[in-house]
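What follows is one chain in structure tokens, specifically the form predicted on its own.
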Amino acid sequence: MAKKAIEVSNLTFTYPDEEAPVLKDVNFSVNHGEILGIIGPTGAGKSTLAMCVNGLVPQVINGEMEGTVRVNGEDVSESNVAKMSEQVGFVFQEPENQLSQMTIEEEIAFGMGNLGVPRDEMLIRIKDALEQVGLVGFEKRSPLALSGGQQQRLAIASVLAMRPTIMIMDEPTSMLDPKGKNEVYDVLKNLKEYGMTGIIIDHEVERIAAYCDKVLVLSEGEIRMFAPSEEVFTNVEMLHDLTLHAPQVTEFLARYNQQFGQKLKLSTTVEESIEVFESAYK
């Protein structure tokens, strides 16, 4: 049987000088090619969980860790951050914090240089990465001349060029306008078509519902739900108990059922919701 892309078993993590753990007995796995969305209230432990997967916790960010995290069958705690970066790419919330070079092609080459990738191979990877994020023709531009959405796409390209098998995005659209959000999620869709495994942490539940295969809901460091996207987002009552919400169309159907005593099937898409109404009122 093929190894899972990510396997997290009995993971508990406590930061130094903190009495309560930020993650408590977390267990889940992600198959190769799946996109996992992670949602939860502020302070739920989402970013800490992501950093456990790429080895920043506890190797760079110290604390007491119990349990195991495996990436492609390898125990993350027995590796190092540099080696893990070849398997797990990480895109942060604010792209400008990841950008440091004079031109876009130099930015993409920077991480590969740290990995010792030969120049000829770099040129091939730069071209491929720019194609995947839709920035071909921007090679000589300054990263500072890009829009927010373009900068985030450049940050993604810089990670893609290192050829990881897993991509983690930690709230990659929170600082962007609607156009920028769409640009980033279009890239995510493209990565899924390439078969890359992904983890995305975001509050954009409409987009999480549309793009992610499974959703993990964290609250106070514990997993409250872990299931296919539609199953999670149609459990509206549970989401509300956790101070979260479902996509707008799902919330509308739930309120409609409650107000009019109906039992219409909840859906996370407008198209399916229209079909539900048409079938119910023929």
Partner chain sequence: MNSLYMPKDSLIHSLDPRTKMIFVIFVVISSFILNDPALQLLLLVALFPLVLLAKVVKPYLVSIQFLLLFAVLIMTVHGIYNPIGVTPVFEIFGGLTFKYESMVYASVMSFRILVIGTAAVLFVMTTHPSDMASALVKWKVPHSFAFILLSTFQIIPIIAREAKIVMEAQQARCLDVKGSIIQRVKNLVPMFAPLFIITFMKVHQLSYVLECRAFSRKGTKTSLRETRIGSLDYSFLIGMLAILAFEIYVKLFAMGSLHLTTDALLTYSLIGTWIVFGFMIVKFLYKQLQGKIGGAN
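Residue numbers count along the first chain shown, from 1. From a predicted model like this one, the values you see are computed outputs, not experimental measurements.
We do not show the form predicted together with the partner chain, though everything after this point is about it.
The stretch among 181-189, 129-137, 104-112, 208-216 whose residues place heavy atoms within 4.5 Å of the partner chain in the predicted bound form is 104-112. Shown alone here, E94 lies within 4.5 Å of the partner chain in the predicted bound form, counting heavy atoms only.
Within 4.5 Å of some heavy atom of the partner chain in the predicted bound form lies at least one heavy atom of S158. A residue is said to contact a partner when one of its heavy atoms sits within 4.5 Å of a partner heavy atom; Q98 meets this definition for the partner chain in the predicted bound form. Heavy atoms of V69 never reach within 4.5 Å of the partner chain in the predicted bound form, leaving it off the interface.
Proximity to the partner chain in the predicted bound form, defined as a heavy atom within 4.5 Å, holds among L239, A254, L56, M225 only for L56. Contacts between stretch 69-93 and the partner chain, counted in the predicted bound form as any heavy atom lying within 4.5 Å, involve V81, A82, S85, E86, F90, F92, listed in sequence order.
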